[in-house]
Ligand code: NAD
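Taking the form predicted on its own, here's one chain by itself in structure tokens.
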Amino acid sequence: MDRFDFHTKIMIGSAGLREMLKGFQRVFIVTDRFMKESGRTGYLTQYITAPGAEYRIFSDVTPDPDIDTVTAGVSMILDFKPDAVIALGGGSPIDAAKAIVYFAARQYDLRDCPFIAIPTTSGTGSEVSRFAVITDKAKGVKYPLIDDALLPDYAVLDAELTRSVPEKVTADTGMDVLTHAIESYVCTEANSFTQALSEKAVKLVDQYLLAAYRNPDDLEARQGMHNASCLAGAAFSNAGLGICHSMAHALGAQAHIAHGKANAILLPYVMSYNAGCESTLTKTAGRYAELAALIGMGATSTRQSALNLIHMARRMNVRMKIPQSIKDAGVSRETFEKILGPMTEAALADRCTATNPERCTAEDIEAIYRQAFVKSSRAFRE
């Protein structure tokens, strides 16, 4: 049975948040150390003005938040007993906050405590997704949590917060949006509602990503990418993803490559596999062709249209100076061979693999990793 749920209320800009914050007495803010030390948490704290109101900031979140971070956050939230929880930052603080709220709610009643997510990058879509990714650093494994209870109650999309994002982060997170949109469009659980969101996200990325990358002060482009991230997040939250994310989770955990960058490197190779570019064209190739036509890249054949979309992803990487291979990202041959087995095993077991549009084996995943390591051109023959 098809399913679509959009629990989170979306606010564009800060005006609604400003009024909301005035009514809270105890606000628990989850962010990272940079946001706190740079004073950017003032975006929130300046409006916590009710008589007797107070706030507490948990800023121990690092990239790829781990189990220890979540445990520490749960301890603090249980001690503080807030009447509102706000996540401020990129995907890591929002994912950490989701996990903290999720586990804290098992010990303390948070049903009347709104959870607000405010992204400062345009990439993860975490502010509207029922996913969170937590890392077990001891095992070198990323665990996707998937539960409706992880959905924030409110999301605030304010492009002003993304103006100072470095161009490398804009590139990585932007390609994460594109990966979310493409994978959610072709995955096995996609339906008319999720595909409508995916289509719009692809169009917005095609229109605005390079503009946001080249000119950080282009707020129209920044807001366009913020909206695209949110749309793609809602799409994959309802439909699922595929092996590009499974493989990126494993690659990021083992080689310490940023998630968006890992997706960007792997996406063209995964698309080639799913489309059957090296063998017999699949139904997924037809889906890629639909997206290609949507952004003016359709051709007279399904094969060429699918290839045009794959080449579009590769061109985005080139224009934004994203590494074209795992090797170019700084992973040596020796290290790659050492981590290949664990990566393949983790990717195959990852929950995102279950909704990949084409069935795959461990041998298939290993072959894709090997192609992506050396920037193989074989997968993209016309």
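Just so you know, these numbers come straight off a predicted model, no measurement behind them. Numbering starts at 1 and follows the sequence shown.
Same protein, other form: the form predicted in complex with this ligand, not shown, and the subject of what follows.
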{"property": "Options 294-302, 158-166, 278-286, 209-217; stretch whose heavy atom lies within 4.5 Å of this ligand in the model of the complex", "result": "158-166"}
{"property": "Close approach of Asp350 to this ligand in the model of the complex, 4.5 Å, heavy atom", "result": "no"}
{"property": "Residue contact check: Ile29 to this ligand in the model of the complex, 4.5 Å heavy atom", "result": "no"}
{"property": "Gly341: touches this ligand in the model of the complex, heavy atom cutoff 4.5 angstroms", "result": "no"}
{"property": "Contact of Phe115 with this ligand in the model of the complex (heavy atom, 4.5 Å)", "result": "no"}
{"property": "One residue of Pro152, Pro93, Gly73, Gly242 in contact with this ligand, assessed in the model of the complex (non-hydrogen atom, 4.5 angstroms)", "result": "Pro93"}
{"property": "Stretch 109-134 - residues with a heavy atom within 4.5 Å of this ligand in the model of the complex", "result": "Thr120, Thr121, Thr124, Ser126, Ser129, Phe131, Ala132, Val133"}
